[in-house]
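Form predicted on its own, single chain, as structure tokens, below.
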């Protein structure tokens, strides 16, 4: 079990702010790192991978700074956002060389290389030169090299880039499995629903600063001043809207179209129970009920995209 810690970290690129005052503990399991372009995600990823030195604070793994740490390479698997793969090598030869650098004997390195390629769905092309790999295959190969030496810590920078829908599904499942097995995984992405498919634990960045971190449901419940939104499709919504307006906990009701109510409330469970009871008594023809604001998209909208 490995813990990654950012301790009041700041990084500047000349006069340009990368990140400022970030303190974050990344525990075993999967943590999603989210934010708009320029928010500082890649800076935090590179600091964790030991590729950048913080200007303030420290980034530590097992109590040791990641910057210039010789031991970090054995603990860490890193998937970079960019692609600088050697096109003249085969997938197998590429992984074999990396594993030999890690100190594995030739036979063990070959076994690990082939197992990692199989794990990411490249077993059938392990002897093909990388120059003939598609973008999605190259992305899978980067994941294979991060996994081949079986590290307890994985830093994944936009690992779904370039993958087709099947590839995205496979990698999402693999990332979930790695977290469930006790690995510490930090994964950055700008695609909200894909992060939510991997984990319910997130860190949200805005303008280089950490604005929220934790489990999605807990973070959303910590925004009491922001009402939830309940969407209900009903027959003849206006009479029901008039009744809902006077109910306790209802901040507002809006009729949309001919069959939809959008209800703002600080007590969504109470409103859902009221609507369900009204439907059961035959007092309201409720077709569907949907609580919109318990997901990552809503949290992102309230805390980052403002």
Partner chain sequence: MSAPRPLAPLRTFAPALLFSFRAGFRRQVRWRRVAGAAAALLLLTIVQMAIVLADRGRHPAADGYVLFTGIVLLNLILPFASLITALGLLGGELEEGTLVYLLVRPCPRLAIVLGRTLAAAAATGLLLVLLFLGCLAAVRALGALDARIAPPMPALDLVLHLAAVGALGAVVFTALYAAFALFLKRPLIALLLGAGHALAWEGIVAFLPGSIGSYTFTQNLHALFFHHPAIGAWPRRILFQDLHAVPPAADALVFLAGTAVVSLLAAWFKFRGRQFG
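Because the structure is predicted, anything quoted here is derived from the model rather than measured. Numbering follows the first chain given and starts at 1.
If you look for the form predicted together with the partner chain, you will not find it shown, but the lines that follow are about it.
- Across the options 191-199, 149-157, 113-121, 163-171, residues that bring heavy atoms within 4.5 Å of the partner chain in the model of the complex belong to 149-157.
- Between the options 92, 183, 229, 206, the residue in contact with the partner chain in the model of the complex by a heavy atom within 4.5 angstroms is 183.
- Residue in contact with the partner chain in the model of the complex (any heavy atom within 4.5 Å), chosen from 128, 176, 215, 100: 100.
- Of the heavy atoms in residue 253, none are within 4.5 Å of the partner chain in the model of the complex.
- The partner chain is not shown here, and in the model of the complex it never comes within 4.5 Å of any heavy atom of residue 41.
- Although the partner is absent here, residue 76 lies within 4.5 Å of the partner chain in the model of the complex, judged by heavy atoms.
- Although the partner is absent here, residue 71 is a contact residue: one of its heavy atoms lies within 4.5 angstroms of the partner chain in the model of the complex.
- For the three marked residues, 51, 84 and 145, a heavy atom of each sits within 4.5 Å of the partner chain in the model of the complex.
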